[in-house]
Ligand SMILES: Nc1nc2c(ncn2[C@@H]2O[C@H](COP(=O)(O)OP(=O)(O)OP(=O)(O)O)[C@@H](O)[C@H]2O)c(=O)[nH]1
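Form predicted on its own, single chain, as structure tokens, below.
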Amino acid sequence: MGTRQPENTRSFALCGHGGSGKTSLAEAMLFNNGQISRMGNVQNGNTVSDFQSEEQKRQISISTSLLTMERNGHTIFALDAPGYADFVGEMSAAIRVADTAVILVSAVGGIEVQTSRAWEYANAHNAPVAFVISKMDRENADFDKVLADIKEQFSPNALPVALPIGSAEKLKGVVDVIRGKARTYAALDGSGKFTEGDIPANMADAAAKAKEALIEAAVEMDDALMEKYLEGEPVSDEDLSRVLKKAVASRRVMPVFALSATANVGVQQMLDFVTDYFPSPVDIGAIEAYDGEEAAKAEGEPNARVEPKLDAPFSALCFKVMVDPYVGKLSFMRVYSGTLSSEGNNIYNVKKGEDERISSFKLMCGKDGKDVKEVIAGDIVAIPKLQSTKVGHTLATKGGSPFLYPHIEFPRPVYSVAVIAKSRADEDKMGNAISKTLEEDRSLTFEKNPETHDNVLSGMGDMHIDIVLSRMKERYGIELDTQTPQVPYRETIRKTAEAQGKHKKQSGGHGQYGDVYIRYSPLERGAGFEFVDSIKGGAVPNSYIPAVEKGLKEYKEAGPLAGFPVVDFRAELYFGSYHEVDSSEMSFKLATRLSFRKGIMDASPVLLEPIMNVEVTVPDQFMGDVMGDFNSRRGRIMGMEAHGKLQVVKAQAPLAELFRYAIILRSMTSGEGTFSMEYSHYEEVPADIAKKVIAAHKKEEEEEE
């Protein structure tokens, strides 16, 4: 057993809206911790976090980067998560496995859509939260306004532990509220050099009020101390330190920092606060899991709790898979209990029931990894070359932990394209390339649509899909074209009709004869297909009736109106005739086809289209534009809810109108709007649109002929 202990481990996810300064803060932390000699920046593409070629080209974070730091006897794991809506799944997974969510809010831009999304994810996991009001050196930076908005929209428990001395070009430093000291920087040159002294006179009252608010909140964690405080006794620094750590872990205090990462002001103080007050795995306590029979289903409420103890059986959760061009596949895991050595041990995939060979454990800092022989509860590490392990899988030792952790929730894709291989060689490689890409990116889905025969790749937006296709070309040498997917329309009928189908063919020798009378009736939406055998007196022999049903099931997949599947109807076989010699199963199938095409066309056929439930989150000022746009998309507004300064619009709209909605919403809301959608039901297509769809189908048929 090594010297590291879970009590000395800290982990946090840096999250927030795109451009709020997460990667710059991660870079400043590494610099202040002495791990890099100079700070890179996003614009130059030379930061430790953004090491992928697409990240450097686009100057944004695409994938969560793990940074490991050693500071004052503590091991710190920082997860720099992307802030753009297209990569929100990465942020969700990072918050899930970190012990604290650090939410950055720009002092200029304030609370934005992905800020709220980060807060929602943190709430969903009941994670301790800290806020960083960043970019205090920028023009129009306003700490007080942003802090007030955080308190109003998120929690009154957001209490400053650092106050800025000035702002914009007049930023001089920060006040350490707890210690009652001011850190003053001679220049905003990124060096991080400061002098410590007394709090400026004009800030003394604000600092005193901020400390009093911290004390009031923190003493609630200790009844005896609260009683003393209420009786007017002063709270010592030692007592405050002890209860403040508990208050942060329990979300009673959500510390707020003021800093500028690029100017390197206030970053040192935040790092010190992380080691002193952020919760360790021991402070967080037991993690929920499934045990016994519940582990086999991994559904519903977890029925077990896993303690972060070193003497407990080893267990961990894989939350990320990355393909490194040099190392190969890296599986990132959060260790929740026990210890494990890489020497002479395998790791057991509880979900798959398979052993995996361990070659090493890597403490990652961006793309670079440092091999370690042992991992302990609280660690976040990467393991190279695991074969069967995927995101969401629980890892243990065989015969050890029987637990299975709840799977990681990823958002549903909202943007789809049909992908077409450019060449035969690309077609041959497509399956393998997409399979490996899906393993790495859980917010992607891929399906071969059985109705339209499209290969549909779905993600969180056009940028997401563009990056995925670019990455596949770079790694696997495959080029794919894209087009808008076809809408999976369906056909149905509105009234009852009867039709005879008679197939008779005589060409010398054995002939063909089948004769059926079928009644076609509409069913309620979503009922599917129903076959009824009402033959009496043997008009159609029992041996041929299955052929009629089989024929109907086959022919209904390509309706006579526009070639789409026919649904929600009953077909009742009520009469027919046969020939002792010439009748056969095939004859009755062909007769059924003639009846089907005539009967459906006589039963007032219509096209149906998929309708989606859509939930759009936008700032107040874009509400009018969003609602007007929905009306133009044949949408129906179902309701609205206010979430602080954001509005959530619930609506229904046809899928045909939503294929490019991710792009349009981003443009309409300056990138501040997000949405999710899921299938609701099928509805009749308006006549004017149905005519165009049917005409396009007939044109395709003519061209194929």
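Everything numeric in this text was worked out from a predicted model, so none of it was measured. Residue indices: 1-based, along the sequence shown.
Missing here is the form predicted together with the ligand; even so, the following discussion is about that form.
Enquirer: Going by heavy atoms within 4.5 Å, which of 309 to 317, 81 to 89, 597 to 605, 378 to 386 lines up against the ligand in the model of the complex?
Expert: Partner-contacting stretch among the options: 81 to 89.
Enquirer: Taking 4.5 Å between heavy atoms as the contact cutoff, choose which of R117, K135, R96, R442 touches the ligand in the model of the complex.
Expert: Selected residue: K135.
Enquirer: Report whether the minimum heavy atom distance between T275 and the ligand in the model of the complex is within 4.5 Å.
Expert: Close contact is absent here: in the model of the complex, T275 is far from the ligand, nothing within 4.5 Å, heavy atoms only.
Enquirer: Would you classify R10 as touching the ligand in the model of the complex, given a 4.5 Å non-hydrogen atom cut-off?
Expert: Flag for R10 set to no.
Enquirer: Would you please decide whether T64 lies within 4.5 angstroms of the ligand in the model of the complex, comparing each non-hydrogen atom pair?
Expert: Taking the distances in the model of the complex, the answer for T64 is no, it never comes within 4.5 Å of the ligand.
Enquirer: Is M677 near the ligand? Define near as a heavy atom within 4.5 Å, in the model of the complex.
Expert: M677 lies outside the contact set for the ligand.
Enquirer: Quick one: which residues from 19 to 52 get a non-hydrogen atom within 4.5 Å of the ligand in the model of the complex?
Expert: Going through 19 to 52 in order - heavy atoms within 4.5 Å of the ligand in the model of the complex - the hits are G19, S20, G21, K22, T23, S24, V42, Q43.
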